[in-house]
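Given next, in structure tokens, is a single chain: the form predicted on its own.
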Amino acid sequence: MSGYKRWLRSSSILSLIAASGAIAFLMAGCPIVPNDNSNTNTNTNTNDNTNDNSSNEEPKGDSGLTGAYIGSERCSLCHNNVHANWAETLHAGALETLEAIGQGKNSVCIGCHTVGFGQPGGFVDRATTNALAGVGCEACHGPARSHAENANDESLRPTINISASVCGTCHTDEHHPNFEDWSASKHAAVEPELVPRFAAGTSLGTCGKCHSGDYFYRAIIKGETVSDTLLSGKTSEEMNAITCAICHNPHAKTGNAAEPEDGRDYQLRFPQIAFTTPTNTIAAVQDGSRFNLCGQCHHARDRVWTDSSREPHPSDQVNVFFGEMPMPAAFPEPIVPSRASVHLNAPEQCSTCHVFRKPLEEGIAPAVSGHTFEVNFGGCVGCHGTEEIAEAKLAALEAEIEIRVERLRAALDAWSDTHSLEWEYTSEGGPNAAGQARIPAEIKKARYILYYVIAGGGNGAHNPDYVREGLQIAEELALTAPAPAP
């Protein structure tokens, strides 16, 4: 049924001026670029710093810092808090990571570990442009001399750009295919049916939080009041969906990652894991502060079993995970007893399966970034022993859930055939308001459970016992439902 099946490069870095640029998890390796070992930087510097010194440490200086780039320290004069937070991230020491493996002068790698390498006024070497070492402010915001020297001129201020292509300039290729993987995910594009509505100046306030990166960034992250007309007249290509900067804070370590590898932080805007007591009030099931990063969007809306026009919104994955369901105020008792998932203690909760990461195996396999968000059974090995065992267990569960769903549908259809009244929601081809009023509570509860667990159950894997019991209760309700009201 369409109701429960709906789900939810870029030019040079100079044109990718962004306040929310790159993601802060650098993975091993460097982007593939022509390796001609040439440097097209037009800085002129007569200082000869190639001589050896007794400490074997390369001299560091900024005599060549005369072009469009000024370095992050200059930015800190006005943006001190942001700079202080950035200085704690891996981006700040990106060149050091290269130097540590003897690749500090490898032109294939330097472009993504410094500011402006190969661009007029950009990084040349430690001796002449040391202030541009690392992934500093201007790597994502663009050269800042004009802005710094004319701070009151608003036309010279960097434009915030949350496009994933900003991060994709470097977070790409077989070593760290974050951009490619994300591009193949459902996060990469605004839902097609919402594009014309957003472009017409409608629905952004209701649907934008989870379907528009533009709205989420301004309204949720920045706390601004956002009009429905924000995206008026824009095409789908001009709209940002759930881009890197929505989930990652480019400016700071956050400590929100559960088990980051190799001293990383991932700079997640919200906690990667969360534990919450199941509840069934409408306000609670929609409250993102109760949930982990994924649960900021993948939570239920306000539709309850007494509604007749539309099925539950297909976004209740975190609620099913915790074993909860929104109930109308007039009927607060849960239809399905609350029961937290057996997967609640997975090391990274949702990310354990949906953001499984694996480094490059040279000559064997590319890196896995996890940013397609598809299930990767590599994340299941810690609990299930092998990928094959985990996959077999899921297949068995899916088969069981499919049988239970078929039985429930058969029971609902039998009720409809007996009483000559369709059981579906109006939006799914069911009767109009008058017909819906005749459907008994038992059938309404059964169909609600059907859609609720299908949308959020992950074929049962998100919470096997809760989904299993829910479908069993729904079948019993359908089999014992009375005749329609007159």
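Small disclaimer: the values here were computed from a predicted structure and weren't measured. From 1 onward, residues are counted along the sequence shown.
There is another form of the same protein, the form predicted in complex with heme C (HEC); it is not shown, and what comes next is about it.
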**Message:** Please tell me whether any heavy atom belonging to S308 falls inside 4.5 Å of a heavy atom of heme C (HEC), as the geometry stands in the predicted complex.
**Reply:** no
**Asked** Does T114 reach heme C (HEC) in the predicted complex, with heavy atoms at most 4.5 Å apart?
**Response** yes
**Prompt:** Does R290 make contact with heme C (HEC) in the predicted complex, using a 4.5 Å heavy atom cut-off?
**Reply:** no
**Prompt:** For E324, is any heavy atom within 4.5 Å of heme C (HEC) in the predicted complex, or not?
**Reply:** no
**Message:** Looking at heavy atoms inside 4.5 Å, which stretch does heme C (HEC) contact in the predicted complex, given the options 325-333, 242-250, 408-416, 121-129?
**Reply:** 242-250
**Message:** Considering non-hydrogen atoms and a 4.5 Å limit, which listed residue (V226, C353, V304, I273) is close to heme C (HEC) in the predicted complex?
**Reply:** C353
**Prompt:** Mind listing which residues of 333-349 have a heavy atom within 4.5 Å of heme C (HEC) in the predicted complex?
**Reply:** V342, H343, N345, A346, P347, E348, Q349
